[in-house]
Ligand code: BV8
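Okay, here we've got a single chain as structure tokens, the form predicted on its own, with questions on binding and movement later.
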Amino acid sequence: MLDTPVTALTGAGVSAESGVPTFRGEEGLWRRHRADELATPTAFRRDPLLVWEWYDWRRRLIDQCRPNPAHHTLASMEQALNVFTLITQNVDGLHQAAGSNNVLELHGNIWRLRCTACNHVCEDHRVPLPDLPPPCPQCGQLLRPDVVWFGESLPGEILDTAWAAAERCRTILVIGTSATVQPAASLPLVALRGGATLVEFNPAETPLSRHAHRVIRAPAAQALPDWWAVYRPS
């Protein structure tokens, strides 16, 4: 495995094991608003303060969370393997906190802010933010969370890089994702068409399960370190 390309795709299940709420369903309700009512360009144009109050609340929750053994195992894989690509649907930055250096963030990062006017991008880990909505340090206009909202396209360069990694890998690990959110859900199928071995880590069945060469029905924080202990290069 040391010399063959390995790709990992992670989803909300990995973050949930660190205590990060999914922000969907009942647990995602905030002031009677659902995530899909707030995480949209329209909501931000209509009431940027309301949207930022919600994101500031989310940032406070995530700030209390720490990487779990699955995050740390993926960081170890990056160090040990010659060709390893980590793709995530999560926006919490826990992979980087665990030591992963090269992460393809399909949906952005909640700790990164982007100007709605000049497109300046900066990181800001202050919790809570001192000003809501936060102003751009370059031009003074509104900053927004640098995440992909409902109705927006994924960043093209990152998606292209993820697609290429899926096409060339010989093993793809699908970890804690429902395999229902597109286009991320198609990446494992791209890998399969290229002849890769697919290993799924998920306590629950997903639409991808029937395509997997191996399905491990256990939480990622337990199962991924166990799997890596067997397959890691000596």
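Because the structure is predicted, anything quoted here is derived from the model rather than measured. Just count from 1 along the sequence shown to find any residue number.
Not pictured, yet referred to below: the form predicted in complex with this ligand.
When this ligand is considered in the predicted bound form, Leu94 lies well away from it, no heavy atom lying within 4.5 Å.
Although the partner is absent here, Glu123 is not a contact residue: none of its heavy atoms lies within 4.5 angstroms of this ligand in the predicted bound form. Shown alone here, Ala12 lies within 4.5 Å of this ligand in the predicted bound form, counting heavy atoms only.
In the predicted bound form, this ligand sits within 4.5 Å of a heavy atom belonging to Val147. Listed stretches are 160-168, 82-90, 111-119, 125-133; the contact stretch with this ligand in the predicted bound form is 82-90, by a heavy atom cutoff of 4.5 Å. Residues of 156-195 lying near this ligand in the predicted bound form, listed in sequence order, are Gly176, Thr177, Ser178, Ala179, Thr180, Val181, Gln182, Pro183, the criterion being any heavy atom within 4.5 Å.
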